[in-house]
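Quick setup: one chain, the form predicted alone, written in structure tokens, and binding and motion questions come after.
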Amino acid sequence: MIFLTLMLSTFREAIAKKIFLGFFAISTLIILIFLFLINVDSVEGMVNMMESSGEEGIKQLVIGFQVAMINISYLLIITFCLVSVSSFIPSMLEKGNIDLLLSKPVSRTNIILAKFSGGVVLIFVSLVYLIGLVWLILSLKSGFWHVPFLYSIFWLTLSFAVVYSLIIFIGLVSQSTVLSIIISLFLVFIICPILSVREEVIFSLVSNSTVQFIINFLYYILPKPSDINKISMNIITGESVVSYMPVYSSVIFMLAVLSVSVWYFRKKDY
């Protein structure tokens, strides 16, 4: 019961800071733009052309729209959502807030896990609204009900959860919202994408075995949100997934970082 109350407090904080409202507004705008795009004459003509080529043509068009929506949703989560939730831990640690929180009969472990769970559920609900409505609109418009598109809700939520666990740790150690934002965005937009193409790009330029080992080591221990997003798109397009290693290693990273965060919060004297 106390754990649920702490989770609900995260929702209340998101509502008070207009985070949930902001995501809802942006998602609604994307849906409206999407509705406009699929109803313009050029797209209507494309739909008619695809219909003339049969069910396969409609399927390709719908999947193309869905892949574009996944890319948009991924950028939306990484930019808006991660920036928004970066303030949750630093604001909790402010003098007065942390004193009141620790005075309650609740373990510090539950506090961290509730903050994490609340943020993840918040994003999951938001994605159900965004992707669920887009899926419904596309399905009604085309008559092609492509269920694998809905699986991306879980993949995108996982991508968020993995990076959010790191934000929680950075927030606990630094108590800085700005630092949490900078590190998480730098990791997701620069480090992780570069490491994911290490074999195709970096190793063709760097032949030193020691450097290659270090780069590989960093790739395997760090989260892989961009690779998880690629897995999601492969599932949507029907392509085979070569390996789920990015998922397993990212989950291990998330659990390890959360464990360290709990340990640090429990030993810290506020």
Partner chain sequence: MPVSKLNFMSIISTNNLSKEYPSKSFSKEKILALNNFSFEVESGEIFGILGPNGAGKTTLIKILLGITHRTKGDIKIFDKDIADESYKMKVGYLPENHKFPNYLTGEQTLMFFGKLSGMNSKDADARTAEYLKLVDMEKWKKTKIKKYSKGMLQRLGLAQSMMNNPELIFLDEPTDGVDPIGRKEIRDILINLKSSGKTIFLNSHLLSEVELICDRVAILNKGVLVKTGRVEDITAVTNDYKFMTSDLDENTLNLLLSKYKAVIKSRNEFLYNSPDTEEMNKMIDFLRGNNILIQSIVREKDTLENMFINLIEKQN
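Residue numbers count along the first chain shown, from 1. Since the model is a prediction, treat every value here as computed from it, not as a measurement.
The form predicted together with its partner chain is left out here; the points below concern that form.
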item	value
Which of 195 to 203, 165 to 173, 182 to 190, 87 to 95 lines the interface with its partner chain in the predicted complex (heavy atom within 4.5 Å)	87 to 95
Partner proximity in the predicted complex: Ser9 to its partner chain, non-hydrogen atom cutoff 4.5 Å	yes
4.5 Å heavy atom contact, Ser103 and its partner chain in the predicted complex	yes
Its partner chain contact at Ser107 in the predicted complex, heavy atom, 4.5 Å	yes
Any non-hydrogen atom of Ala16 within 4.5 angstroms of its partner chain in the predicted complex	yes
Members of 236 to 270 lying within 4.5 angstroms of its partner chain, judged by heavy atom, in the predicted complex	Arg266, Lys267, Lys268, Asp269, Tyr270
